[in-house]
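Have a look below at one chain only, the form predicted on its own, in structure tokens format.
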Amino acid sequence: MPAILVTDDSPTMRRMIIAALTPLPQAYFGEASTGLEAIEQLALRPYDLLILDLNMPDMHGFEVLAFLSNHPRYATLPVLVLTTRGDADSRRMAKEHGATAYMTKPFRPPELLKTVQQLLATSKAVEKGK
């Protein structure tokens, strides 16, 4: 059962992301509305994937990425950045800060589902290889 933490300051966007991912069998979805809340949620429960917006109050998505990539417990956690920022600099910075994948809003639900499935499959393959 995959556990996915959806982090976005918009409750509507979180609901849209979760709705797009409902075809995942027995998936558990956690939600966070800020970067700081996402870090707190990760400390409370293990997740298989983090979906992260960049533009959020209190702690920007880049700061969350930097924290995760520098923390041994979260360094291998796959992170899908899902944001309105489609510029090359944001993409580059997200990758430099540890993002596994990058998509822009508005997203196409089938494309989001496929990307998440690929990230989860890769994550599980890495775990089995440990």
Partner chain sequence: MTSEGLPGIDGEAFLQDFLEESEEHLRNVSSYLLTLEQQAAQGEVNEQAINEILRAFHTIKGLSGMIGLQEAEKLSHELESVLRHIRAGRITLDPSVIDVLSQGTRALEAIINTVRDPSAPMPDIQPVLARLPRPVEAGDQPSPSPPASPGQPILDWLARALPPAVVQALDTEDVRRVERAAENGKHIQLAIFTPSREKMAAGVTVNAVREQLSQQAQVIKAVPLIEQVSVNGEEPSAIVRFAFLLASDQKLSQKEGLPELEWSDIKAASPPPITPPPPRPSHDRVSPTVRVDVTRLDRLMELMGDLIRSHHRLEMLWGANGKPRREEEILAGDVLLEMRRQLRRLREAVIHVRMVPLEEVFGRMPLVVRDLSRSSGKQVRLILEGGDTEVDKALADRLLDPLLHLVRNAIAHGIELPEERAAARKPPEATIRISGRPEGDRIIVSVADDGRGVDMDRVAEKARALGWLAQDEPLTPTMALEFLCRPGFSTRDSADMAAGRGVGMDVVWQMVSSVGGQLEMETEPGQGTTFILKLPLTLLIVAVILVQVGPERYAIPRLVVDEIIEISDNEVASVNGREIISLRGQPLPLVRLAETFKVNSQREEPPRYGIVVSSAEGRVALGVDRLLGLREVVVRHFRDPLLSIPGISGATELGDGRPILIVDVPDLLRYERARRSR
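Nothing here was measured: the structure is a model prediction, and the numbers come from that model. Positions refer to the first chain, counted from 1.
Another form, the form predicted together with the partner chain, is not on view; read the next lines as being about it.
Student: Looking at the partner-bound form in the predicted bound form, is Glu37 within 4.5 Å of the partner chain by any heavy atom?
Tutor: Glu37 belongs to the contact set for the partner chain.
Student: Classify Met59 as contacting or not contacting the partner chain in the predicted bound form by the rule of any non-hydrogen atom within 4.5 angstroms, answering yes or no.
Tutor: Residue-level check for Met59: yes, a contact with the partner chain.
Student: Spell out, yes or no, whether the shortest heavy atom distance between Thr76 and the partner chain in the predicted bound form is within 4.5 Å.
Tutor: Output for Thr76 is no: heavy atoms all beyond 4.5 Å of the partner chain.
Student: Might Glu96 be said to contact the partner chain in the predicted bound form, defining contact as any heavy atom within 4.5 Å?
Tutor: Judged by the heavy-atom cut-off of 4.5 Å, Glu96 is well away from the partner chain in the predicted bound form.
Student: If you look in the predicted bound form, which residues in 7-35 sit within 4.5 Å of the partner chain (heavy atoms)?
Tutor: Those in contact are Asp9, Ser10, Pro11, Thr12, Met13, Arg15, Met16, Ala19, Ala20, Ser33, Thr34.
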